[in-house]
Structures are given as C-alpha cells and as structure tokens.
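Consider the single chain below, provided in structure tokens and representing the form predicted alone.
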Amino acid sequence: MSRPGFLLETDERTPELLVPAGPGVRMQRMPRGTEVLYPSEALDRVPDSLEAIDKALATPLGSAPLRTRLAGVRRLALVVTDSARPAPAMAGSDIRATVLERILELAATARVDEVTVLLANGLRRKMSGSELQQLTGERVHRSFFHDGKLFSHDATQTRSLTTLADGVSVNEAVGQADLVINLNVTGELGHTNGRQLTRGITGQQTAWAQLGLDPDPATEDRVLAEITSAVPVFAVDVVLSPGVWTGPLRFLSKREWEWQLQDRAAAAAVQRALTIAPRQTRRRLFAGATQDYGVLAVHAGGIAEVTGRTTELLSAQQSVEVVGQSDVLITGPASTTEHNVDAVMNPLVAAWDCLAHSFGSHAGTPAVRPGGVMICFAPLAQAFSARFDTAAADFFAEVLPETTDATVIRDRFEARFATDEWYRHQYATQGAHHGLHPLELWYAIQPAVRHCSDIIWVGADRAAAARLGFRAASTLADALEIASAQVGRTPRIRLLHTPPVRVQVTEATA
C-alpha cells in the first residue's frame, strides 16, 4: 500500500516524535500545535524491475530505441552518477548493476568496439575498487576495472579532459564518444539526469562555475547544451521509492502512533545506545544498517524528456501542501548523506544537510518565513575523516575562525583551496574530496543563512556551532526561548519529519 506525505498538527495526545540528528535520532515531544510534515511511504513499486528496464530502453521518451541508437557506434561512454547514491546503501544488489548489464548486452549485440564505464563524481571523492564493484556488480567490475575501462572521473587531470566549445571541459571518454549513456539513480528532486552529468564529468573550472558562490542557473543549461551538441546523450533514470529501514531500525520507517511493542522496545534500546556508546559505535549503528529501496519507474531517452518525467513523478509523490510559512522550522541531518558515505559526519556536512538540502526542499517558497528561525538537532562533533576530509578539516580549523562571510572566503581563500597541490594529490590518489568541496558546502548554505534571522543547534558542541557562526542550545525548550527574541513566544512551528519531503506552500484562502 502507498501512503502519501501529509501534515499532522500535534496536540496533547501526540507521542514523542522522531527527529533526525545526524549519527542518530532524537525522541522529542513537540509543542502543541506544531505542524509535522511526514514524507510519503511505501510508494507503489514496479512489479518487475527488469521488465521495466527493458521496456524503457526499447520504448524511450523522445528518442529511438537504444538498440537502434547503438547501431554503428564505435566508442560508447557509460556514465554513472554517484551523487544520488542511496544512503545508507541499498539492501541486496545495486539496481545500477542490473541496468549496466542490460545496456552492455545491447552494446555487445550491436558490436560496439570500445566501452568505458565512468563514475561521475565531479569534485567529490572517488570511489574505491570495492565500492565500484558494489555499485556496478561483479560481472561488470571483472570485465572493465582491471583494463582501466571502469574508473572515477578526475576533474583536475587536464590530460584526461577534452575541451568543447565555449571552454567547457569534459572527461575525454565522454568528449571522444560516439554515444554517451547517462545512468542516474534518484529518489529526490534536484538529483536530475542533466544536473548530475554537467557537474559530474566536467573539469574543475567548468564544475566550479556551477557550484561556486551564487552561480548563475543559466550556466548549468549552457554546459549541458555544449555537451549534448558535441556528443549524443541517451539518458536513463531509475526512480527509487523512499527507503524502508530493515532489521533493528525498522521502527524508523513507521509513524510513531503505529509502533508496536517491539518497535517501542527497539526505539528505547537505540536511544540508550546513542546516549552511552562511543561516537564510532553510534555511527556504525546507522552506517551499517540498510534500507530497502524499490523501483518506482525507469525512464529513458532524451535528457529533457527523462528529467521532466522524473521530476513530475517525484513532485507528485513527495509534495506536502501547507498553508503559509512558519516562524520556526525544525529539522536535523540524516545519518548518512551523499557527502559522507562511509565517513563521519563533520559539522560542514551537518550544516549542508539542514541548511541547504532540507531548507531548499520546497517548490519555490521556503517552509519558514524570511526572518524566521531554524532549529537543527545535531551534535556537530568536531570530527573529520582523515581520509576524505583533508580540505574540510583545514577549512574548519583555519578559515572559519577568521571569517564566516562567504564573500570574504571567496575573495581571500578560494584560490588556495582550488590550487593547493596537497589537496589535489589527496583527491587524485587517496580518495579525498576535492579541495573546493568544503567551500561548495559552505556556499550552499548561504541562502538559508541570509533568509533566517537565527539558526540554533540543539545538542551541539557549542564551540563548533559558534565557529560556524550559529548558536547552540541544550534542549528544544532552550532553543525556542532563544528564538523568542525574533519570533515571539507563540510562534508557528513546523517540523520536517525524516526528509525528503517537498514543501508546497500555498496562500491562505479568504
């Protein structure tokens, strides 16, 4: 059964509610009258994902069938975006492995001479060999990895980039291909096929033009137009349902008033563990868990047509309508995001997930009013992955103590993080995020910072919150007391319950 997202207004009978809090969750009683936005649940899945894949490839949108498109192709570039990677990892095999195998079977039948499988990671960290095998499947990995035909993109290696018109640089496997097939797995709006392609397989300068401070939205369209005019692109979107937690954490995928005795016992046990366990143990509790993702649809064909159909589906499935904006918006980061897969959640990632990802999940009008307050639940532990977060640790320790002003950071520090040879080496050879990655996260939160009069972190390391330019509170009641200076003592409060949810703000009727 499918259940759409909905809005609950709390009263005296409402139990404590789950609030995401980074490496864990909090059980929190909300003030009476709080509007709680629940995401959709257990959406209808296709009965046979393999059949859906074959049908999409055979009857694409705005394109000839893939079998026809492959005829006469000598060089094929199979691009797989990784930024929409479900987190935590999917239970069982990755659906991308299945799609890749079906495409490669068609390519073999068409006698394609050369096939390259490219992970479009952009300025994010490269995948390890074991991660590539998990994503692409054992057969694809065995056939391509050791021959150097399965690899992650490197935005800094100019020798492996091809320059198209207007200075747009792309991975040479894409620039020299007769056909590019872009495989995108998504469960959220914004993780669209074209956007992942333009950010994922371009050189550093081209990628940063789309990710820097206040980028022009037209830049992304221009880059995509240059790519598609230089090489034909066949898009494939696999649209996933919201993940359903499995094992001991399955209570997280239920609505609190529907919990059975075993769910309440599991929730209590998790809360105890999160209270007394060491940080690494707490992180492993969630990082090691899996979610079951079903396939809602498979769309293939032209990028515009595929993106439009996927956006239409996700908008209908994830939108929750509310009337007007709130004074206070409450949220918290997920245990794992696309920026900290297999790594500790550092304060920059936590801030990004709340203030860019959750704040930006709306249909044009933010869920909280201008001058309102955001309250975020997260520990903001000053911990960074020694392997992945080299630049982020330096940004937090050296840049933020001097200034949190994004414009000043751009003018004074951006060039250093863009060109530092150690960061480049770590990104190219050690699987670290690119040197510009922490600036990407910082720039992305600026719309929320400008929009809100205050941002308060509950349960956070006070020093970390202060370094980010925010305030900390011990409890929700304390946070609301702090916020009262901006929103009064009877604010309209709204909680995003375990995003993703797309907020559709409408005006009150007369």
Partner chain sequence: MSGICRAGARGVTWYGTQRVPRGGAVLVSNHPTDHDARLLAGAVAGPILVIRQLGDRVGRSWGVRAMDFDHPGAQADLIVLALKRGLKVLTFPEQEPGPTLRRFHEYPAELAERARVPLVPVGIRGAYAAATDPDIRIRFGEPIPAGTPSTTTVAAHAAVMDLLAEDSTSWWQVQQVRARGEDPSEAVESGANWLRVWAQTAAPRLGHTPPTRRIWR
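These figures come from a predicted structure and were not determined experimentally. Positions refer to the first chain, counted from 1.
Same protein, other form: the form predicted together with its partner chain, not shown, and the subject of what follows.
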_Segment that reaches its partner chain in the predicted bound form - one of 108 to 116, 210 to 218, 273 to 281, 176 to 184, heavy atoms within 4.5 Å_ = 108 to 116
*Just give me the single entry in Gln262, Ser128, Ser93, Thr429 that has a non-hydrogen atom within 4.5 angstroms of its partner chain in the predicted bound form.*
Ser93
_Can you work out which of Asp405, Glu138, Asp166, Glu421 has a heavy atom no more than 4.5 Å from its partner chain in the predicted bound form?_
Glu138
*asked:* So in the predicted bound form, is its partner chain close enough to Gln325 to count as touching (4.5 Å, heavy atoms)?
replied: no
*Indicate whether its partner chain has at least one heavy atom within 4.5 Å of a heavy atom of Ala304 in the predicted bound form.*
no
_Heavy atom of Ala381 within 4.5 Å of its partner chain in the predicted bound form_ = no
*Examine Glu188 and determine whether its closest non-hydrogen atom to its partner chain in the predicted bound form is within 4.5 angstroms.*
no
